[in-house]
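The chain below stands alone, shown as structure tokens; this is the form predicted alone.
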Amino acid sequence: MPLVYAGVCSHAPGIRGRADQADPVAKDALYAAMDDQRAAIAATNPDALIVIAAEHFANFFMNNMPTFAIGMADFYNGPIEDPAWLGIDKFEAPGNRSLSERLIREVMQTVDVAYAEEWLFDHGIAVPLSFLTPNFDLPVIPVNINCQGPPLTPLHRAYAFGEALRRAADSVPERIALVGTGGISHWPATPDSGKINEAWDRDFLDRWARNDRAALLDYDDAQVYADAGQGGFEIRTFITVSGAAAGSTGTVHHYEPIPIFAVGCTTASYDLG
């Protein structure tokens, strides 16, 4: 069954945890955009949602840092963070072990990928799920890309990983929706937290919407660090979605810098035709 949805959104913990501190107009506009994305995904009647994130040393650390990892379990628990801090209650999200294994086997034909039968969701997945599947009733397949522990996943490999995920999704009878989550520019857990490079973000989103592979891969990590912070390394999750939607163009539905959320808050999707 062809991939039925491909999009991206932000996952900053403050989106839920500091909602009461944000400008209410900005917060309400973001929440409305996230609800629109939920409705767009639901309209495709998916059997499962793949969420591509950069988990934040919750499950993987420098003693074992896979370039790519895919969850392979029948359920997942979260959030790993304090629910009061994150603003999300403890939950159990369904998985689909059989579907995960079939997708992994197909991805492995061209991309080396680790898999995990246990996975605790941190805010990188929990925040998007709280909007996109608020009842936690849609099977989830978590995916991690190493955006945090150098040497980082090369950008061209992230794009190729997306192409492999698309091939895998197209090979199974289930209807698969795909969402990449992350920041764009942001400086989390540093004295610069709250800083946002709006011009850099908008340029990246323009490249993303055009699905311009050459432009998307034309980033140097040192320059990304200087211009977009260590959080900018999470462009890998967005680029993976571009690879999955190769040949399609996209629309940025919402973008607004919200400093109290410490990120430019984004929703966008590709027209898969």
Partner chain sequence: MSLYYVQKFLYELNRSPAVQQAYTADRHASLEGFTLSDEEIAALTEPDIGKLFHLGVNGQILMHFAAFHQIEWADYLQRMRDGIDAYGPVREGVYAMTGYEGVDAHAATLGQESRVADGAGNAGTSTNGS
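Only a predicted model underlies this, so the values are computations on that prediction, with no experimental measurement involved. Residue numbers count along the first chain shown, from 1.
Keep in mind that the form predicted in complex with its partner chain is missing from the display, and what follows is about it.
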Response to the item:
Only one of 96-104, 69-77, 194-202, 134-142 sits within 4.5 Å of its partner chain in the predicted complex by heavy atom distance, namely 194-202
Worksheet, complete the sentence: If we test each of 42, 215, 62, 32 for a heavy atom within 4.5 Å of its partner chain in the predicted complex, the one that passes is 62
Discussion item. I'd like to check something about residue 108: if you look in the predicted complex, is any of its heavy atoms closer than or equal to 4.5 Å to a heavy atom of its partner chain?
Written reply: no
Discussion item. How about residue 254 - does it come within 4.5 Å of its partner chain in the predicted complex, if we only consider non-hydrogen atoms?
Written reply: no
Discussion item. Contact with its partner chain in the predicted complex for residue 81, defined as at least one heavy atom pair within 4.5 Å: yes or no?
Written reply: yes
Fill in: Any non-hydrogen atom of residue 171 within 4.5 angstroms of its partner chain in the predicted complex
no
Worksheet item: Taking heavy atoms and a 4.5 Å limit, what residues of 1-32 are near its partner chain in the predicted complex?
Response: 13, 18, 21, 22, 23
